[in-house]
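Before any questions on binding or motion, here is one chain by itself as C-alpha cells, the form predicted alone.
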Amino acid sequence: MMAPTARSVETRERILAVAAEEFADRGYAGTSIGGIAERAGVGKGLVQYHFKAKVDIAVTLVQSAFAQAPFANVVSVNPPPRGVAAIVASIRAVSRAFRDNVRVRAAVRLVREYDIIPVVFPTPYVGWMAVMAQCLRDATDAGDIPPGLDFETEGWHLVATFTGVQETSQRLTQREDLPERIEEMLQRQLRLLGVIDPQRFL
C-alpha cells in the first residue's frame, strides 16, 4: 500500500477542518458531504475518497478531539502540575479548547447528537473525571485539601459543573464570556472542596 502524498494529506486535513466548522455550526443533520466539498473547494468524489460517508468524518473528529491532552492527561508541560494546580490547569486548558478549537466544538456537538448518528461514540468525560479524582487524591496527600472527600464523586461534579458552565456560556454569549465564568467556577469549586488558601492556585 502506497504512503499518502503530502498533497493527499493536506487535502484530507482541509476536508476535516471544513467539516469541523460545518458540524459545529450546523450539527450532524445539517451537514452534508456536498456542503463540505463545496466549502473545501474540492469535488464530492474526493471527499468520499478520503471518507466513505459523513459518519466516518464525524467519527474521525470525535476520536481526535477526545484524544487531545486536556482531556486525556492534564496539560503537556514539564514538569506537569499535580493536585489542585493540575485541576486548575486542566479546567482552564479544556475551557480554551472549547472556545478556540473548532474541532473540539464539533466533537462536543456531535457527541451531544449521538441519538441521530449511526455509530457508537466513546463515552465522553469519563477519562477526565478519573484524572480529576486522581488530582484530588494528590491534593489531599499534599495537605492542600482536608481528608474525607469521595474523590470519584467530587471528580464527577468538577467535570459536570464545567460542562454546565460552558454550555450556558455557549447558549448566552457563544462562549465569549467563558474565561471569566471558568474563573468564577474555579473559585467556587475550590472553596467547596475545602482547599486551603485557594488563591495560591488561581
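All values reported here derive from a predicted model rather than from experimental measurement. A residue's number is simply how far along the shown sequence it sits, counting from 1.
FYI, the form predicted together with another copy of the chain isn't displayed, but the following is about it.
Taking the partner from elsewhere, no residue among Ala6, Arg12 and Ala53 has a non-hydrogen atom within 4.5 angstroms of another copy of the chain in the predicted complex.
Taking the partner from the other structure, another copy of the chain in the predicted complex has no heavy atom within 4.5 Å of any heavy atom of Ala40. For Gln134, no non-hydrogen atom is located within 4.5 Å of another copy of the chain in the predicted complex, even though that partner is not displayed. Shown alone here, Thr140 lies farther than 4.5 Å from another copy of the chain in the predicted complex, counting heavy atoms only. Among heavy atoms of Gly83, none comes within 4.5 Å of another copy of the chain in the predicted complex. With another copy of the chain omitted here, the record of contacts in the predicted complex names 153-161 of 56-64, 140-148, 153-161, 41-49, defined by a heavy atom within 4.5 Å. For the stretch 124-143, the set of residues having any non-hydrogen atom within 4.5 angstroms of another copy of the chain in the predicted complex comprises Pro124, Tyr125, Val126, Met129, in sequence order.
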